[in-house]
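Taking the form predicted on its own, here's one chain by itself in structure tokens.
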């Protein structure tokens, strides 16, 4: 797994943030990556209307900030042109108060036509907090129709909310989820996650994907395969979370953490989960004969993976100061919340 992670972090990524003046491009970059784009040294060949900057300082992660692409090629030199020729995806920022004008439609088309018409593009209807709450859903629906897009290509956002209307950015999680989905296919989602300002948010797609894999592995009716496969997935997850945080966790520490959490406490999630599975006819290491039992086994595996993911985040962000008792409490709380069927069933008839 280490070699796979290192390869992902050694990959290259070019993200374009496009949109008219005052739409919120700088605010989007600041909300995502915690940097003031104007203070980053530009890539040679940038112009006043096209700004390119390296977020990692090594040239592996380049962000393009531009009003549009229609006339930009003639303004830049070969260095900047190479970046424009290999963009991975684009965020098209639209000021929600301005609506979908013809100029916006023309600019959006010019963005989508890059990469031979195959540039993944997410439209961010920014400053949505300035639209009255009761009117937002209808406004977003009408704007999607005007832009000729599907609902999964548009997110309502407010990267820098008005102080009187809110504090936290709106739609940031949806934007991160969309970007992760696009980059996962390209193999550089981890490089993007590592540069996000909110590390907990950056780790959520990793945890969700690991939980889905664990659920499938946990329900596989192969003696012994469920436990081995699920544990392997969870160890991989903790290793990836440490990489996102740019922290080094020894493999022995990761194995200790996963092992202790899966061992559970006397009243913990795992103990309850095993009790429910036994009641349903599950025998450790034996074939899973019933579909319902397999589903329960998958729920235990998924819930445990969510718990391990959150415990790993908290452990790393505490500079490895949390003890195993604290981690077990975090694990049990999150795992139980993610698999309520297990805890509900265990409290209504299961016993040790």
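Predicted model only: the values in this text are computed from it and were never measured. Positions refer to the first chain, counted from 1.
What comes next is about the form predicted together with a small molecule, which does not appear here.
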### Summary
Note: exactly one of 27, 40, 299, 64 sits with a heavy atom within 4.5 Å of the small molecule in the predicted complex, namely 27
#### Entry: Heavy atom within 4.5 Å of the small molecule in the predicted complex - residue from 107, 180, 88, 129
129
### the small molecule in the predicted complex: contacting segment from 152-160, 196-204, 138-146, 230-238, heavy atom within 4.5 Å
152-160
### Message
Is residue 339 near the small molecule? Define near as a heavy atom within 4.5 Å, in the predicted complex.
### Response
no
### Query
Does the small molecule get within 4.5 angstroms of any non-hydrogen atom of residue 16 in the predicted complex?
no
### Query
For residue 22, is any heavy atom within 4.5 Å of the small molecule in the predicted complex, or not?
yes
